[in-house]
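Next up is one chain by itself, shown in structure tokens, the form predicted alone.
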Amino acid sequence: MRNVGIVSFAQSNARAEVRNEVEFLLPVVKEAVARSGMERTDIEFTCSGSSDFLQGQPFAFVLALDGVGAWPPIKESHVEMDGAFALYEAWVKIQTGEVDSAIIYSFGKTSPGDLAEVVALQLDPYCVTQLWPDADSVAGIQARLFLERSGKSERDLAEIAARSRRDAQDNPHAVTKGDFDVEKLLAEPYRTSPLRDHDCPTNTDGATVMVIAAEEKARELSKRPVWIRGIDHRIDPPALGVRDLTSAPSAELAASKAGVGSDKVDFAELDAPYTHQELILREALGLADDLRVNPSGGSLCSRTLFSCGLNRIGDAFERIAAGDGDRAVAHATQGHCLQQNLVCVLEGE
């Protein structure tokens, strides 16, 4: 296996972007390329993650190439997934030896619609989508089942929200942040029982860009290389009635394959859009109860669909590169109730 390091990372998040996708992607690409120390034309592979469905037109991802630049002609690929899964494809591309460097980007703009209702279309089209359950309601079913199985309480969930918002104060890209009193949070009405607003993600618009490189080039470009020591992704059945919603077997298997348990972990960045999902993922990944999770504030405080998973990996990279830890776990998810999961282990030099 070839050692692959993250060279640079940049992101943008806003509650509602007035610019179109190309306009807010372009400056993030420029920032990530400038930080990498490479010329854009020297980067050998381009891979993106986004959804044509969100943009409302087929092959809409091709338009985003205007923000990256496709001349001279480039080697390019796209996944209809979070950018974290595009990172996986780029990592495989480098493993083949065909290229030594890659740029990965992702973006999402969901503010023009009601995201929770739109993603109902990800459900079984014959038996579930026709009932049109919004994503928050589906997550509420999962949360209720998890609380009954685990013995956890709504207070435990509120404490996760308060901690995440407090930690997000140090993250300039987090949209919801600040000091919040748990008692006041619990006094708020339900959005969908047992979840309140603070248990649900802050949906945002934005873009994310990352540059990675094989070992020799990564050492040349980085003061402290941050290596992708393990990366794996797995899926559970999409039908809600055929799996235990209170666990995430695919995340557990991905964590095992990525080598999460092979050494100590200093912190974790988990793509847990709902408070109870952090607890499910802690169990699945075998993380210690006292391990610091989401020092960035995580997807609760800023979730750009199709970028939030890559953001978790990028946030972990920046923290390690700055010396605030040596080994971290980053995670991305897609689908309802943690159906698809990617786990990545990062380690500083």
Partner chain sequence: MSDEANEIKAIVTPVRLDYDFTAGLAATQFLRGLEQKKIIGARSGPGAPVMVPPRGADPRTSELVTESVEVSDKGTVVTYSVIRVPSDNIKFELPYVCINVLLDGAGVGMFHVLQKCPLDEVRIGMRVQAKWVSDDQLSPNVASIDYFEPIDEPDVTYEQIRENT
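Basically, rigid core = biggest C-alpha set you can superpose within 1.5 Å across the two forms. Positions refer to the first chain, counted from 1. The structure presented is a predicted model; accordingly, all values stated were derived computationally and were not measured.
One more form of this protein, predicted together with its partner chain, exists but is not displayed; see below.
Enquirer: In the predicted complex, does every one of 26, 56 and 63 come within 4.5 Å of its partner chain, counting any heavy atom?
Expert: Yes, all three are in contact.
Enquirer: Against its partner chain in the predicted complex, would residue 187 count as a contact residue? Criterion: heavy atoms within 4.5 Å.
Expert: Because no heavy atom of residue 187 falls inside 4.5 Å of its partner chain in the predicted complex, the answer is no.
Enquirer: Considering only heavy atoms, tell me if residue 14 and its partner chain come within 4.5 Å of each other in the predicted complex.
Expert: Flag for residue 14 set to no.
Enquirer: Is there a heavy atom of residue 37 no more than 4.5 Å from a heavy atom of its partner chain in the predicted complex?
Expert: Residue 37: no, not in contact with its partner chain in the predicted complex.
Enquirer: Spell out, yes or no, whether the shortest heavy atom distance between residue 112 and its partner chain in the predicted complex is within 4.5 Å.
Expert: Yes, residue 112 lies within 4.5 Å of its partner chain in the predicted complex.
Enquirer: Go through 153, 262, 169, 130 and name the one with a heavy atom inside 4.5 Å of its partner chain in the predicted complex.
Expert: That would be 130.
Enquirer: Pick from 182, 240, 145, 118: which residue has any heavy atom within 4.5 angstroms of its partner chain in the predicted complex?
Expert: Going through each option in turn, the one that passes is 118.
Enquirer: The chain here is shown without its partner chain. Which stretch in 104 to 112, 222 to 230, 169 to 177, 191 to 199 comes within 4.5 angstroms of it in the predicted complex, by heavy atom distance?
Expert: Stretch 104 to 112 is the one.
Enquirer: So which residues in 1 to 31, when you check its partner chain in the predicted complex, have a heavy atom no farther than 4.5 Å from it?
Expert: In sequence order, 17, 18, 19, 20, 21, 22, 23, 26, 27, 30 come within 4.5 Å of the partner.
Enquirer: C-alpha of residue 286: shift of 2 angstroms or more between the shown form and the other one, rigid core aligned?
Expert: No.
Enquirer: Establish whether a shift of 2 Å or more occurs at the C-alpha of residue 56 between the shown form and the other one, with the two forms superposed on the rigid core.
Expert: Yes; residue 56 is a residue whose C-alpha shifts (by 2 Å or more) between the shown form and the other one when the cores are overlaid.
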